[in-house]
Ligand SMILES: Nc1ncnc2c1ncn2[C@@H]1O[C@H](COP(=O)(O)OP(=O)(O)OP(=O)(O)O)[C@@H](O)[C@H]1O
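Here we start with a single chain on its own, the form predicted on its own, put down as structure tokens.
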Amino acid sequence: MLALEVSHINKTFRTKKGETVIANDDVTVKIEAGKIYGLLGPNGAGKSTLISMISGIMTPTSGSISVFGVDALTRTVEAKKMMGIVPQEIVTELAFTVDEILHYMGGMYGVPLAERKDRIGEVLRDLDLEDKRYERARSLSGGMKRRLMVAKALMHKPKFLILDEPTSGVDVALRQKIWELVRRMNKEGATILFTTHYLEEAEQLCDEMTFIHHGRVIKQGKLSDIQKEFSENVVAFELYKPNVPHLPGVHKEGTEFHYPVTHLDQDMSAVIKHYGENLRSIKSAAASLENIFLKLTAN
């Protein structure tokens, strides 16, 4: 079953000068239920505009969006109840306490009053916010406010969680905490759409991904397939003693040596046989997501 189906979405804006700006251009994205899915692209690529349309904040110029089979454009409230959204900006009610904010969010999404207290406690424990429960939001640090944004999105145990750069500007410890939470929620059945500028994050968390550039989809699919497409066909290895006779075709890349691959198993065996105990390490060279990103968004 599809958790999200975005079909041929277009979004245009008019500037004050009457010019037309295309934010999304014929974007189609399909996310199967149970996946952690990455939406990647440089600043201004159209990611946040697309998320705003999925979450019902904006209306597309044309195209359709459904969440677990529910038309998000005509049955917006029903679709929203299945979603939890952590926006890029920190938006919270500064005059209220953390407990009051989460109590309100639980009520807005239909969490029964009798369950809200326990649910607030669970969410705060998950995000290490228990000692801030009765503090006003205005007194929280930037990192704590980011945690509160995540807590608000989790109050109703959403089936589909949208995280728009949730680790932007947070420290390493909180980033790891959010990663753990994402993985756990996914194991418990939540589908997660994740945007990030930290490409290591996407490599660690996402099963599949879509790259957007200038408002258009430029690549999508499984991470392993995309890496395979962009990988150099080489075996990469390091040596304890580099100044030795080399196999034909071997060339040096930084601290590594690269050997062209025709048949991976045979060629890797040839390297092992030739260099023997002089091998420090050996691997097939899969393209990093950072290099893929740079190649895709070069123009």
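All of these numbers come straight from a predicted model, not from anything done at the bench. When you see a residue number, it is the position in the sequence shown, counting from 1.
Missing here is the form predicted together with the named molecule; even so, the following discussion is about that form.
Novice: Going by heavy atom distances of 4.5 angstroms or less, which of Ala236, Ala45, Val261, Ile36 would be at the interface with the named molecule in the model of the complex?
Specialist: Flagged contact: Ala45.
Novice: Which one, Lys145, Arg216, Arg75, His197, lies within 4.5 Å of the named molecule in the model of the complex by heavy atoms?
Specialist: Partner contact (heavy atom, 4.5 Å) among the options: His197.
Novice: Glu165 near the named molecule in the model of the complex, any heavy atom under 4.5 Å?
Specialist: Contact check for Glu165: yes, within 4.5 Å of the named molecule in the model of the complex.
Novice: Is there a heavy atom of Ala23 lying 4.5 Å or less from a heavy atom of the named molecule in the model of the complex?
Specialist: Contact check for Ala23: yes, within 4.5 Å of the named molecule in the model of the complex.
Novice: In the model of the complex, is there a heavy atom of the named molecule that lies within 4.5 Å of any heavy atom of Gln88, even though the partner is absent here?
Specialist: Close contact exists here: in the model of the complex, Gln88 approaches the named molecule to within 4.5 Å, heavy atoms only.
Novice: I'd like to check something about Thr49: if you look in the model of the complex, is any of its heavy atoms closer than or equal to 4.5 Å to a heavy atom of the named molecule?
Specialist: Looking in the model of the complex, residue contacts with the named molecule include Thr49, since a heavy atom lies within 4.5 Å.
Novice: Among 247-255, 266-274, 37-45, 59-67, mark the stretch whose residues have heavy atoms within 4.5 Å of the named molecule in the model of the complex.
Specialist: Heavy-atom contact with the partner occurs in 37-45.
Novice: Taking the named molecule in the model of the complex, which residues along 143-157 bring a heavy atom to within 4.5 Å of it?
Specialist: Residues within 4.5 Å: none in this stretch.
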